[in-house]
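Two forms, one chain: they're shown below as structure tokens, one block per form, named structure 1 and structure 2.
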Structure 1
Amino acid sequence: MSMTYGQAKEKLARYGQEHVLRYYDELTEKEKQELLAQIENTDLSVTAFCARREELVRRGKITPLKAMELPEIQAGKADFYRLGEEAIRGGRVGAVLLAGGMGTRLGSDEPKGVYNIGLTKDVFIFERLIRNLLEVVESTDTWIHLFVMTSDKNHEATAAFLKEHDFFGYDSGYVHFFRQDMAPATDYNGKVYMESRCRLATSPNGNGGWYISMKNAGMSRIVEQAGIEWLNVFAVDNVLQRIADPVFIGAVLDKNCDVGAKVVRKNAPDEKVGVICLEDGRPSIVEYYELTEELMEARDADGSPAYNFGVILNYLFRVSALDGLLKKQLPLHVVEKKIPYMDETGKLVKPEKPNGCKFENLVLDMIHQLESCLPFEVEREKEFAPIKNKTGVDSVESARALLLQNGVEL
């Protein structure tokens, strides 16, 4: 049963957003239903934080967090693999693909995962990721539940594409789609922008919103029924990453940490990757733009750079720890953005400079709320080929070169 007009009016009044229903009487029945559903599904409580955006960004004391490096991983590899394989075979591991993004920066108006990186044949981003996961499925002889997070903008296109390609050989009974929750986009006074007469301006609730979105979409029922205790969450844009990697899983289990984070050794002190660290004694991530000269130059006891490992958005979370997070309020990040909106005359305006706020939860805050984290080093040439741009650094070009270097036919 969806929200009624009266309930919508009441919810909007609670947050001072009554203007959202201004054109309600002029809408068609279908548009009315769509608007009411959007009001119901949008978290308006975040709009109050717009005025407090300065105080939300304070950081604590940053100190180094030691990573498990390649020699140590190599030495324990057989034991870690056995532990990880056991967890996978016992159905205790699931995978979560964050696939809500569009291929805009690649010059495409389709979901990022459907982008074709092939040279002599079709090779899609989704295909590469599923093939990487299938390697583990085949070596452990066990299907792994794969949860695919989409967004309002790309849900239908993503589901249709994967079905059309028969999930690239993956058992469709183990693939579950869910949409990321949306947060409103507002002006600097916290008033929600309208995209059209029947649509609020919204954006996804940040990469830290994946678990609450999963929960709200009813996915936790599958997690509970399947007995999944660990979720490997990973981003859509890294076509070389290993997913549900038994060695990584085993190492996290062996060290009894709440979360494991795959990391790569930075290729330059100012490389644009978030750096794993401790903040006020708890695991955390410092974004590259927050790294001071002092942190970049800091050295540990053996003279190596102290903040030398960048995260690649491939994490293994303990489900019970995630459930504990839902009882707390994750910090909110208020980000200034260019937000297209409908003006007084009903015309859509695309601003040239930031004109308001978007609200996000970030994975780094999830990690900071947990007690323990294992940074786990991987070889960047073998596991890090992010596709963020069409050309240049972290691009389609650089990813192709790395795939070919790793023997993948394009």
Structure 2
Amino acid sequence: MSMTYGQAKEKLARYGQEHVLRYYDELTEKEKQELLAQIENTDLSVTAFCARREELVRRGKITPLKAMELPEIQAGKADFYRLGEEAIRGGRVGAVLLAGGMGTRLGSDEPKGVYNIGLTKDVFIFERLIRNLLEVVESTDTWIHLFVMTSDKNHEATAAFLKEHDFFGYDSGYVHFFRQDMAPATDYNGKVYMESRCRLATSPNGNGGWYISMKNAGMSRIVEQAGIEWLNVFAVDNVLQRIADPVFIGAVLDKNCDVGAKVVRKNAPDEKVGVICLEDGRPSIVEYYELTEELMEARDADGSPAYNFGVILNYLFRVSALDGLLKKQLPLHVVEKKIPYMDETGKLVKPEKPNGCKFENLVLDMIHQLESCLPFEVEREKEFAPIKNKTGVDSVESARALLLQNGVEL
């Protein structure tokens, strides 16, 4: 039984959102229950941050953080591989696929992983990722637990698609779905938009919510039972990335860091990737739009660019360090986006330009709360083919070219 009308009204009043109940009397009994349940389950405290969005972006003092570069990795490769392989064989490594995003830039109504990038045959994004992980499963002769984060908006479609394709050969007993939490979406005054008369407009709460959402969904039981000590989190859209890469795992273990971040050497000072660094002495990531001219031009003692490595959203987290993070609050990012909403006449409007705010936690902020981070260089031509757009930079086209270059048939 969800909260009563009175309780809902009281909660909404606390956050200045009484308009949400405007059509309540006209709703069916079922719709009323759905709306009350959604009000109960939605964290409305974030809406207050809309007005404060300017203050939220302040940063501390940025200084360089050295990466482990390719020559050093090459020299230690055999040892790192052995360490990583041992961890995988011991069941100490799990993988987490972040697939809760809306993929708005790609412009498909389906989940991003369902997108077919094949030319002469079907090649789905999910398929590429699973095949990459299967290579490690085969070489280590060990199944790796794969947790898949979806959202309310794409859960059914994602789970059904993977089942229909028999998980592309992955053992389904090792695949676990969990949904991320949703956040309300508001206009610029912080008033929650309505999607219909009985639904608040919501969107996934950002990729930084993955660990808490995993916990809330009861996944820790699997993590504990399997004895997983490390979680390799990765984005849905990089079709070339290596997942549960034994060399990367071994290097992070060897350096005894709380987290490892796969990074690529930037291809231009203003490339649109977040840059790994220290902020007030702790590991951190500066987003490309926050990178000042001064930081772009800064040099190391040996003359190379001081902020030269970009993150590719492939991280290896120590589970015990993640548990420590649960006690802390992650900063909230207020992002201006296009939010479909119901207008005064009851019609659903799909705006052409941003019309309000979404509230997100980002995975990169988790890094800043940890003690130590190993940036681990990978060759971008071999491991970085993100699909964000249909054409142009980081697109279906550029990813196809890179896949073909790496001998993947499309």
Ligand code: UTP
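Everything quoted here is computed from the prediction, not taken from an experiment. All residue numbers here follow the sequence of structure 1, with the first residue given the number 1. Rigid core here is just the name for the largest C-alpha set that superposes within 1.5 Å across the two forms.
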**Report entry** Pair member that is the form predicted together with the named molecule
**Finding:** 2
Query raised in the report: Once the two forms are fit on the core, has Pro340 moved its CA by at least 2 Å between structures 1 and 2?
Result: yes
Query raised in the report: With both forms fit on the core, is the shift of the CA atom of Lys9 between structures 1 and 2 2 Å or larger?
Result: yes
Report task. With both forms fitted on the core, give yes or no for whether the Cα of Leu21 moves by 2 angstroms or more between structures 1 and 2. Result -> yes
Report task. Report, to one decimal in Å, how far the Cα of Gly103 moves between structures 1 and 2 once the rigid core is superposed. Result -> 4.5
Query raised in the report: What Cα shift, in Å, does Ile39 show between structures 1 and 2 once the core is superposed?
Result: 2.7
